[in-house]
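Here you get one chain, nothing else, as structure tokens; it is the form predicted on its own.
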């Protein structure tokens, strides 16, 4: 098992990463400061293969466990779902040392984490991510929350888990589209902080997607290391943590414009990363080679990098409501080079519209991307 420590003083916790370690969670929980009563929050797809065995192991170790099922899908990441959780926790008389286990992908992790943050003003919770995007990104860092019809993740809280327990074996039941979507967050880490890791992904994405154990564990662990480093330095996103939003500003706008139904989160992030790189070239911040490398790696993995046919006015209206807007100034995370990004605010409407239009014209006649070869230095 590999461990990554998120250093946050009294709120520090471990990320445990391994293969076939899921049922080991029950014994590990005995060493944590939690009571005997817990709830597993999951969805029907995850419950039978993973939720039921975890529940039984926890019961065997002396815990009293309730399972709460929520529908699968981003469109159910709402206050209504959180309300359902509250109802059951109150009915079962959960107390302040009772705990929640978030068993699922990023949607379940966000909803369960927000419920934990707000029930009785905060009870312990454990992240057990079952999708690649959750294992490399959303389960770490303490961002919890739900969507609003007018924007993604507008309602939420910073609330750290007491443990993140990652078993890469569960990814074998994940649909290939979900694996591919999760790789967008992996690419993000290479762009924002580690050129060597970016090159590793460009060379080894086939091994990761085929769930080759060594490549997969390294990919998950390195992604978690980068995120832990950033979060430890800036827990509440007052400064540098914002670099983790690379690709997310436009990505969230795309998700909102398509009602969270057309694209997976990672698919939208890949489009957002390509857009941010193109915006950086328009502003003269980086060489076009950076854009080309991001597009080629994403395309080779199977991620679309062209924007969907949403009108600029629609995207502009959504961007104005982005939670990262400060003093009505739009903020984007833009690449300077591979391994380094910069937070830029005050991007104007004219520049954004020009960049969006250049995306459509640039991709108009493109049908296939070139495969990745060699290293970027």
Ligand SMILES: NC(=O)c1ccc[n+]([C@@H]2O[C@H](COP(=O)([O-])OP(=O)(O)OC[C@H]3O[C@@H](n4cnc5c(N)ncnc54)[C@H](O)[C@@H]3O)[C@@H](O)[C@H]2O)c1
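Numbering follows the first chain given and starts at 1. Keep in mind that this is a model prediction, so the values were computed, not measured.
Missing here is the form predicted together with the named molecule; even so, the following discussion is about that form.
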### Message
I have 50, 74 and 173 flagged as a candidate spot, so tell me whether each of them has a non-hydrogen atom within 4.5 Å of the named molecule in the model of the complex.
### Response
yes
### Query
What is the one choice in 294, 226, 220, 133 with a heavy atom within 4.5 Å of the named molecule in the model of the complex?
133
### Task
Check each of 184, 279, 253, 107 and return the one that places a heavy atom within 4.5 angstroms of the named molecule in the model of the complex.
107
#### Entry: in the model of the complex, segment of 94-102, 302-310, 193-201, 165-173 with a heavy atom within 4.5 Å of the named molecule
165-173
### Task
Tell me, yes or no, whether residue 55 is in contact with the named molecule in the model of the complex, where a contact means a heavy atom of each within 4.5 Å.
no
### Task
Answer with yes or no whether residue 138 is in contact with the named molecule in the model of the complex, where contact means some heavy atom within 4.5 Å.
yes
### Task
Please run the contact check for residue 84 against the named molecule in the model of the complex: heavy atoms, 4.5 angstroms, yes or no?
no
### Task
Report yes if any heavy atom of residue 267 sits within 4.5 Å of a heavy atom of the named molecule in the model of the complex; otherwise report no.
no
#### Entry: Neighbours of the named molecule in the model of the complex among 137-167 [non-hydrogen atom within 4.5 angstroms]
137, 138, 143, 152, 153
